[in-house]
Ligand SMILES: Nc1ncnc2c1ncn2[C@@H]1O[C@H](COP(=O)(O)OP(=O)(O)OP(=O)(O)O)[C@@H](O)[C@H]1O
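Coming up is one lone chain in structure tokens, specifically the form predicted on its own.
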């Protein structure tokens, strides 16, 4: 099988701390690939490695069969068609919504194209996320949900083949989560592959075709959602050894 993206023994260290340890992964073209794990598991660090924001200390990452880690700078990786959002939104706060999205269209695509083309791309991205009516608003004046939409629109404006979403639904209410879940489904329907980091299990289970679980920087498992949620190692990572033992014993804990 050919994969859109592959990681081979990916490791990322910060001084003496190894945040990601020898992780292999494969992302299929057209799927929604989830990455989950407890806080500090290395999820965002892995995304930063994919997008070139942090260097790998070991291993390689390939996109469309070609190595990108260590040979491509972040802006070059973006222009290959890899867009992303951040766990903490990073808008250009002195710019309007439209200007923020235009940054993606002008600098993130392989070629900027004519001014009219950029305008069309920006307008389409804002309409898709539902904030075209806020095009002239300054980003700092917007609530969290709208700021997240700006960041998503900016990522979509590069017309990505692969979209990295880092907790794009964190801090949203239930109605807002449902809206963004529908957006992610429609993004995939448009032909974009998605790698999704999320803590909200309803989102992960409802969207992802496969899920990779990280814990302390290591890969615990990677499988379909219904298989992952029954994996004892995953349950232990989230709920602890005592809960896992109780589950295995049919509800009765052993020891003091």
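Here the structure is a predicted model, which is why all the values come from computation and not from measurement. Positions refer to the first chain, counted from 1.
One more form of this protein, predicted together with the named molecule, exists but is not displayed; see below.
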| item | value |
| --- | --- |
| Residue among 206, 40, 58, 30 with a heavy atom within 4.5 Å of the named molecule in the predicted complex | 40 |
| The named molecule in the predicted complex: contacting segment from 188-196, 40-48, 219-227, 66-74, heavy atom within 4.5 Å | 40-48 |
| Residue 19 within 4.5 Å of the named molecule in the predicted complex, heavy atoms | yes |
| Residue 159: touches the named molecule in the predicted complex, heavy atom cutoff 4.5 angstroms | no |
| Proximity of residue 87 to the named molecule in the predicted complex, heavy atoms at 4.5 Å | yes |
| Contact test in the predicted complex: residue 167 vs the named molecule, heavy atoms, 4.5 Å | yes |
| Residues within 4.5 Å of the named molecule in the predicted complex, restricted to 52-68 and counted by heavy atom | none |
